[in-house]
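Two forms of a single protein chain come next, each set out by itself as structure tokens; they are called structure 1 and structure 2.
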Structure 1
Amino acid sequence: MFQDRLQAQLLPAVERAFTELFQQQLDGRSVSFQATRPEFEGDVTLNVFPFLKLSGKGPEQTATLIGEFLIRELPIVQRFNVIKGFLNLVIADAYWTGFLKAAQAHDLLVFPSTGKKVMVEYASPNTNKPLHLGHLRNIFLGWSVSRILEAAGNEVIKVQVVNDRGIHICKSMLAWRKFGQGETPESSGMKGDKLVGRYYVAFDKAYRAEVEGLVASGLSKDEAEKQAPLLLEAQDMLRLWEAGDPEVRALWEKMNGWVYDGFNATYARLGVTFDKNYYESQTYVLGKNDVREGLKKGVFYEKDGAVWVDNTPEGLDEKVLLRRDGTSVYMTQDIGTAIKRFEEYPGLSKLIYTVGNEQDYHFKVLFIILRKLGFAWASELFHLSYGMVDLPSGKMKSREGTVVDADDLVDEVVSEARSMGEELSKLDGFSAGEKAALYEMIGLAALKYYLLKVDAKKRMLFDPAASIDLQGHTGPFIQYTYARIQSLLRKAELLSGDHGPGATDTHALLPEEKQVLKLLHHFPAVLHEAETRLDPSSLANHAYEVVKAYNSFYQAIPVLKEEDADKRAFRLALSKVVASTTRRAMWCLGIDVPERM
């Protein structure tokens, strides 16, 4: 169980209180401390209602007796108050100043090694179109979860599955062969993924025209869609690809190469990487032998020549795993790929799939099947499900060419950052190159933070203009606060060396100072929660609360103008820890922070 430094001191004392006051043994695992509600005096609250049977007394008397015991036994407890059965404890200033010293010496958001190895899968694009807004939420979520897991002491392996085969790929290939006239990324001046995506749209446009013509000739729409010559040609191309036809394979490799170059350029701009790529053209043959082995063991059953799994006892449906002709389905591939990963990475303790919520059912079935096959690690599989992202213009449709292109969206938020910077005119002394780099950093922060601050399970609306607001709940606001602190530290000539609070152990904290310290103190617990729930939104929102509290402190209390050297040193030390912790929190979100802004 995770326990922060304050709870580590309070819990043993509360356990002793029950032993000495009530002659009862308290199970510390059942004790939960909460932050005191803002309308009451206090820093941390203990709810005593669950323990009244042990105390044998009423809630207020129980809380009062425990409070008096803590005052006697624990110097860090300064005073207390009781509201019904809630014991609100005020923690002495010396504890908070001591915490600040410790925070200067140790990064709050780096935990000791767990010895665990975790794999995170994310991105998983198709090679028939460029990355879009939906991919961005996936990528940022997977990348941030990877970094949070790393900060929490895990070894992390980042992977993606590239969907590089199938009828959708053949549609782009066929359209390029028919209409492309040898066009290449170099000749067109387009990124390779965009060029291939254009031919995917071109196929759909030509296909629709053929369907309309067939319907006009008397066929039903269903018949026309199945008999359209373009679709039949694409299906023939897929069969040739599966048969290893040299010409089709060469075209496939060339066009996929264009797409990979385009993807890699986008990934580089986004600042994300992968430790290993899995390609569906290689993994689609996996799983067949595993299914046949499951059939022999009686895990699966045969019906009409196909192999099925019965998940009705688990409240799900029956599912075919091998067709009558011996071909596999996506589930079969995923079974084989999961097994392969645990074979390739001995000691792998957890596998996380970052995939949209439209695949919730698929992963429920996959995990059940792997448990039925007897793999102990199947209980450590997790589907990191997330909701769709919409723009004010509405839902995206890739076949119609209305997808919100990832590169275009990044360009838009960077442009918003540029407009904001030029309007505020705060970049005197920046070269043109430094301005461009800063606008890129701000734009990416706006995009990433806006997508990560919302609980991943929720469907969300992305507003590019709102994401860039320097005064709002945004990434740029957090960046701006970090840059402001760096400017303050430069002015105080405290950029180098270790500057502890010094004689400020006796410094009586002002409410604004204490609020910042309390939020900093809570950061490790928030990181632990983010790791446990695989949810970057809690970390993102807490980072915002810290910088918001710091800005209130900065506006209300002079730092450099303070004449008392001890107080000035304390406030500079506090500022420095806020900056370093904010930088680390933003690192966990995949966001860079500027030294000047």
Structure 2
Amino acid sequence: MFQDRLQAQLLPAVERAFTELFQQQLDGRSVSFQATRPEFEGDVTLNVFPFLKLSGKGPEQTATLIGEFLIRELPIVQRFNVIKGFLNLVIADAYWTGFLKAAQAHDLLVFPSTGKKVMVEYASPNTNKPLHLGHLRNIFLGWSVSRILEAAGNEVIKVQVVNDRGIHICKSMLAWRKFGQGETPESSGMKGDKLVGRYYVAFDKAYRAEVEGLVASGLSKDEAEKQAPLLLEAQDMLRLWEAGDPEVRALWEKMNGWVYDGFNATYARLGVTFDKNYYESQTYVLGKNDVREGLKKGVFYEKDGAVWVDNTPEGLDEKVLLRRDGTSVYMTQDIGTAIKRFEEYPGLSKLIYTVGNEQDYHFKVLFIILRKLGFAWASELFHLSYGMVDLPSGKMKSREGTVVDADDLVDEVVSEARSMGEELSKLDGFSAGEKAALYEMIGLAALKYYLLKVDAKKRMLFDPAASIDLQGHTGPFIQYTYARIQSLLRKAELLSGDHGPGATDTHALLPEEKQVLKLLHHFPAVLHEAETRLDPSSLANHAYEVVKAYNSFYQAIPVLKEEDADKRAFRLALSKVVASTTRRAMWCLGIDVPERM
């Protein structure tokens, strides 16, 4: 369990209190301190209810005895009050100002190196259509988790698996060859992924027309769907692809190339990168030997000529790993790819798959299989499962054209940031290019924060109006606070006589100052939690809490206008740490912050 610097002092003292006052051994792990609720006096609270058996006394008496002991033993405990079983401790201002000094010297959200290497897989698109809103949640989530792991001291390898082969891309290729008349991204001025996606849609349309015609001529729907000439042709093309037919391969490479150009443009705009790309056209052959090995070892078994795994002892089902004809299924290649990755990256300590929760079962089975094959690292595989994104109108359906395109969405939110910015017009001296870059930064912040602040595990509703909101609990609100502080710091430097911000402990902390300090103080614990739970939302929400408290402070307490030099220096120091910590927290979310806005 993560201990902050305050708990590190309090916990041993509480343990001593139990040995000296009650002659009992207290298990430190069972002790939890919580922030004191605002309606009571105090900074941290110890709930003594769980320890009444140890103390052998009533709640009030137990709490009072411990409180008195802490006052004697720890200078940082200034006074206390007891309400029922709650021991509320007031921590001395000197502790908080000392904390601020430490935070000035060392970034609160940078942990020492763990020496561990972690691989995060995310994005993983198909190459037959452009990226959409669902991909955005995946991409922002995977990127943020990578950053969080880095901040927590790990080396992170970011990868994607590109699903570049299969019937879906053959459909686009076929449609392009039939109807495309040589159209290219250049000739049409269309982004490559959009162009290929258009032919995928064109295929679907023509195919359904064929199916309807066949049904009209008397076939059942099922038969029609299987016998439509276009589908047969696409399947032929897939066979030619697998046989390495030069012409099909050339077309495949050309059209995938267009898609990659389009994806790369989107990734660049979103600000994400990959250290390595895996392509299914290469990985789909993996895993067969591993499955045969498993068969030899008796981990799997043969039935009807196919190879199976029996997961009924784990409460799951039986599952085919190699078809009767010896070809592999999706699971087979995932087995092989996982093994290959741990070979390619010796010392890899964890592998995280950012994949939607509709594949929960798949990953459960995959991890069990790898464990059965005897790989020690199988326990370090993690499915970062996230919920679907729904629209107010319901589920996104490509057939019904309700899919929200990623590029369009970014355009929209950036344009909202622009009109807001123009309206407020606070950017004197900015060039057109600087303004455009700023609006881009703000728009992306709105979108990223909107998708990241919700617990990733949960299905979420995407409200287009709320996602471009720039006020309240949003990314731009946090950026705004940062820009505000930067402005303050710039002005402070202009004032003569100030030799930079410094923390002093010569004045009694105001409630607004202390509130900000307490929230900052809690930040490392939040990062730790975000890392262990692989959950950016907790970090996103805490960043909001901090800047909200800072804004209250800012609005109520003078900084530069303060005449007392010590107080002014202290408040500047506080502001500076809020800014740098906020910037780091936003970095962990993949969101940039501006110097002005």
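Superpose the two forms; the largest set of C-alphas matching within 1.5 Å is the rigid core. Structure 1 provides the reference sequence; residues are numbered from 1 along it. All values reported here derive from a predicted model rather than from experimental measurement.
Note that the form predicted in complex with the RNA is the one shown as structure 2, not structure 1. Residue 52 shows a C-alpha shift of 2 Å or greater between structures 1 and 2 [criterion: core-superposed Cα displacement of 2 Å].
Superposition on the rigid core between structures 1 and 2 places the CA atom of residue 566 less than 2 Å from its counterpart. When the rigid core is held fixed, the Cα atom of residue 68 travels less than 2 angstroms between structures 1 and 2. Core-based alignment between structures 1 and 2 gives a C-alpha movement of 2.4 Å at residue 24.
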